[in-house]
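Take a look at this single chain, the form predicted on its own, given in structure tokens.
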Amino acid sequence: MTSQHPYQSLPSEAFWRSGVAQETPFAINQIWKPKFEINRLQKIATAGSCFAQHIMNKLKKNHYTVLDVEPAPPGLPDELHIKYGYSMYSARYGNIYSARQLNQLAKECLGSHQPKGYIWRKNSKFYDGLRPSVEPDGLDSKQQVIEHRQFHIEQVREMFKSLDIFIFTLGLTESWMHRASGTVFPIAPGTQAGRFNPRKHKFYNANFKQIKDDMNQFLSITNEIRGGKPFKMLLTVSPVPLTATASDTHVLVATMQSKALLRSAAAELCSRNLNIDYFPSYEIVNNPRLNSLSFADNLRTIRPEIVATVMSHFFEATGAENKKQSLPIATPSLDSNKIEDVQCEEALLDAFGSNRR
């Protein structure tokens, strides 16, 4: 008589051979079972690191109700939207790479945090260091930066009040901090604008507890902004590796550590909150069956065909399409020169290392 054990009754997706090695990476069965309904009528807001821009684009193209509280001004050509920070996310905050940066934004909307050291200068122009890419040509005065930011925060506050689902992509653990105030920036002062001063700025690399605490604080603050009205949050982890690290470790090691911490924090948050779910975009892109086909030649940029694969899993699980009919079973034709346009300040760091060999 064969002995009974727990593994005998598990489904095929519970085993590596049948769930990964023998499964097509373009239509992975049961890789995501949503905790809650996500439909086209719910108001969805998006934010996060560069990869989150792909999510925003695909949701809009599939006719989901995606909030855009800072739309591009009439007459601005579509091809210039991203250059000026429009149509990337649900507000014009640029890339929010870290949990600390998101928590900080919510506190600013609530009025419990006033950022310091965020007005950066480059030549005769001034920039908002908390979203340095949204005005690529800079503004004419510090006062303009302040006024633009005040308007931005008002719009983000309204976004938090009106959303039903918040999709956030965790991207990095590393950031740079203003020592006196604790204000964190999406990129180091001096790289895009401003000036780095070691007496004023320091490197900050969040650990597991800090990531989890920042996300829990964000939830509490957002609930306060909303007057207790519940909302749902869908977390993802960006599959994009670090461009560079200031952690004094090899960039490959730093990337793996960063993603492991973010993924672990996301799992912990999901397990403790019925209103938080995790969508496995990181796992789909990094599936060993793809053998690095997910990435362009720089091994960092996600190919558009793979973005489409990721989002097809999302839409199939939420009932928006039939994945098995819409996805290829064989490897799609991957064009290394075909790259979707996204804005990523972190990618600028590559220029500082390009001449070292």
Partner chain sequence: MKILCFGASHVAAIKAGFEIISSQEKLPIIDFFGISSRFLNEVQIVDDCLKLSKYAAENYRFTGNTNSDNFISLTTYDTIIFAHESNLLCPQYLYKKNNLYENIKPQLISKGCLQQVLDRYSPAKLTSQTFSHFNDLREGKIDLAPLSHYQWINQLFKLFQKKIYFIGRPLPSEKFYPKIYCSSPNSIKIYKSNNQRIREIAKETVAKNSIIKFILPPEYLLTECGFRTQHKYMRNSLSSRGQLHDANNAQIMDLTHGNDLYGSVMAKEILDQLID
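Keep in mind that this is a model prediction, so the values were computed, not measured. Numbering follows the first chain given and starts at 1.
Below, we turn to the form predicted in complex with the partner chain, even though it does not appear here.
Peer 1: Of 84, 204, 282, 278, which residue is found within 4.5 angstroms of the partner chain in the predicted complex when only non-hydrogen atoms are counted?
Peer 2: Residue within 4.5 Å of the partner: 84.
Peer 1: Let me know the one among 193, 261, 72, 225 whose heavy atoms come within 4.5 Å of the partner chain in the predicted complex, would you?
Peer 2: Spelling it out, the residue with a heavy atom inside the cut-off is 72.
Peer 1: Choose from 212-220, 74-82, 179-187, 165-173 the stretch whose residues reach within 4.5 Å of the partner chain in the predicted complex, heavy atoms counted.
Peer 2: Answer to the contact question: 74-82.
Peer 1: Is residue 68 close enough to the partner chain in the predicted complex to count, meaning some heavy atom within 4.5 Å?
Peer 2: Contact check for residue 68: yes, within 4.5 Å of the partner chain in the predicted complex.
Peer 1: Would residue 197 show up as a contact with the partner chain in the predicted complex if we use heavy atoms at 4.5 Å?
Peer 2: No - in the predicted complex, heavy atoms of residue 197 and the partner chain never come within 4.5 Å of each other.
Peer 1: Is residue 248 close enough to touch the partner chain in the predicted complex, meaning at least one heavy atom pair within 4.5 Å?
Peer 2: Because no heavy atom of residue 248 falls inside 4.5 Å of the partner chain in the predicted complex, the answer is no.
Peer 1: Just checking whether residue 113 would be counted as a contact of the partner chain in the predicted complex - the rule being heavy atoms within 4.5 angstroms.
Peer 2: No, no contact at 4.5 Å.
Peer 1: Going by the partner chain in the predicted complex, which residues of 109-148 come within 4.5 Å of it through any heavy atom?
Peer 2: 135, 137, 139, 140, 144, 147, 148, in sequence order.
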